[in-house]
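In C-alpha cells, one chain follows: the form predicted on its own.
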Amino acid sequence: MNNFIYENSTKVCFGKGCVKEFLACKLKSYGNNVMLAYGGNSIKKNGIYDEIKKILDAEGKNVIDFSGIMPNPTYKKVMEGAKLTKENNVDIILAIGGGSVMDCCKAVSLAAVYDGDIWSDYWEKSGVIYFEPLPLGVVVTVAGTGSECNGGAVITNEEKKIKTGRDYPKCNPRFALMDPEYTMSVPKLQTASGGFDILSHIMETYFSLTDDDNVSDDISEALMKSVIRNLPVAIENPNDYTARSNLMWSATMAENRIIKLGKACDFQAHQIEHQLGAYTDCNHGCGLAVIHPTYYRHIYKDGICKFVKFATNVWNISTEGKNSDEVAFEGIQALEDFIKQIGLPMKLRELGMTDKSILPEIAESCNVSPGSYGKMSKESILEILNECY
C-alpha cells in the first residue's frame, strides 16, 4: 500500500426507519431555521416530504423550502440557495435527494458564508477553505453518487459551459440518514443510471496505479461484484430491500474515500461525461455508460494486468486457452453486455445528441486525467467521442 492520510467526518445512520429514529435528535444541536432542499415533486408524491416536515414541525423548526434543484445543478441555482439562507438566517441545510441535491447544497453551504465568488475561488480552481461552511445534513433518497459521505460537489457553470467537481472535507455533511426504503420509488431508468454511476466510481479508482497487491483493489472488486449482482434485482423488483440496501451502501463505499487510499485514481471517463453534460445536459449515468467501454478499449493494453484481474475476479471469465489481450477484452465486453442488460444506452445518439459537430469543442474543453493508464490527449478524447457517437 502507498502512504495515505484518511479522514471522514460524516456520521451515518443507516437502515429502515432511521429518519424517524434519528432526525429530530440530529437537529437538536442547531438553531430553529432549517432550509429544506430538494429537487422536484417526487418526495411530495412518495410521502417523504410530509414525513420529514412532520418531524421538523414537532421539533418547532421554522422550515424554509429550497426546491427545484436540477439533475445537473448550476452555479445560478447555488447562488439562489445562498441568497435564501442569508435572507432567512438559516441555521442548517437539510438536503433531501440524490447526488445533485447534495452537491448543490454543499456549494450553497460554502456560498452562504463566503463574500467572494465561490466559482472562481473554489470551483474553477482548487482553493483553501479557512472558515466553517453552513452546517449541512442529508437524507439520501437515490443510490448513486455517494455524495453523502464526502465534500465533493459537481457544479455546472452554464455561461462558461464548464461542469466541474471539487472535494473539500469541510463540505462533508455533518450527518447522513440513509433508509433504503426511501429509494424504492426511484424509476427504473434512474435506478439503472445511478447504479452505473456507482460502478463507474469504483472502476475509475480500480483502474489506476498502484498495481501492487493492495487492500483498496480487493475492496473494489467486492463492491463491483455486489453492484453487478444487486442492480438487476433492484431494477426488476424495486421493493427488494436487500438489493436496495446493498446498492445504497456500495454507493457510499465507492466515494467515502476508503477505496481511494493509496490509489492514483483515474476519472477520465467522468471528465469526459462532465463536459458532455455541460454541453447537452444529458443524464450522468447514461453518459458514463456510453463512454466507459469505448474508453477502456483505448487504454486496456496500458493496464493489461489490471484488466485481466477485472475479467477474472469480477466477471469470472476463464483464462484457459486465451492470451492476456483476449481475457482483458472479454472483461470489457462483459461490462458492455451488463450495460445492455440494465437498459442503458450504448451510443450518444441514444442520448438524443443530433449535432456531431460539437464533439471537437467538447473534447477541447475536457481535462486530461493524470491517473489514466493510457496517455490521453484532446485528440484521443475526440476519437473516443466520435466512436461513442
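A residue's number is simply how far along the shown sequence it sits, counting from 1. Quick caveat, the model's predicted, so the values are computed rather than measured.
Below, we refer to the form predicted in complex with a small molecule, which is not included among the displayed structures.
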Exercise: N62 in contact with the small molecule in the model of the complex, heavy atom 4.5 Å
no
Looking at the partner-bound form in the model of the complex, is T319 within 4.5 Å of the small molecule by any heavy atom?
no
Spell out, yes or no, whether the shortest heavy atom distance between D217 and the small molecule in the model of the complex is within 4.5 Å.
no
Is H292 close to the small molecule in the model of the complex, meaning a heavy atom pair under 4.5 Å apart or at it?
no
Contact with the small molecule in the model of the complex, heavy atom within 4.5 Å, among T85, S250, Q275, N150 goes to N150
Just to be sure I understand the contacts: of N32, N323, Q333, N41, which is the one whose heavy atoms reach within 4.5 angstroms of the small molecule in the model of the complex?
N41
Proximity to the small molecule in the model of the complex (heavy atom, within 4.5 Å), stretch among 126-134, 107-115, 293-301, 193-201
193-201
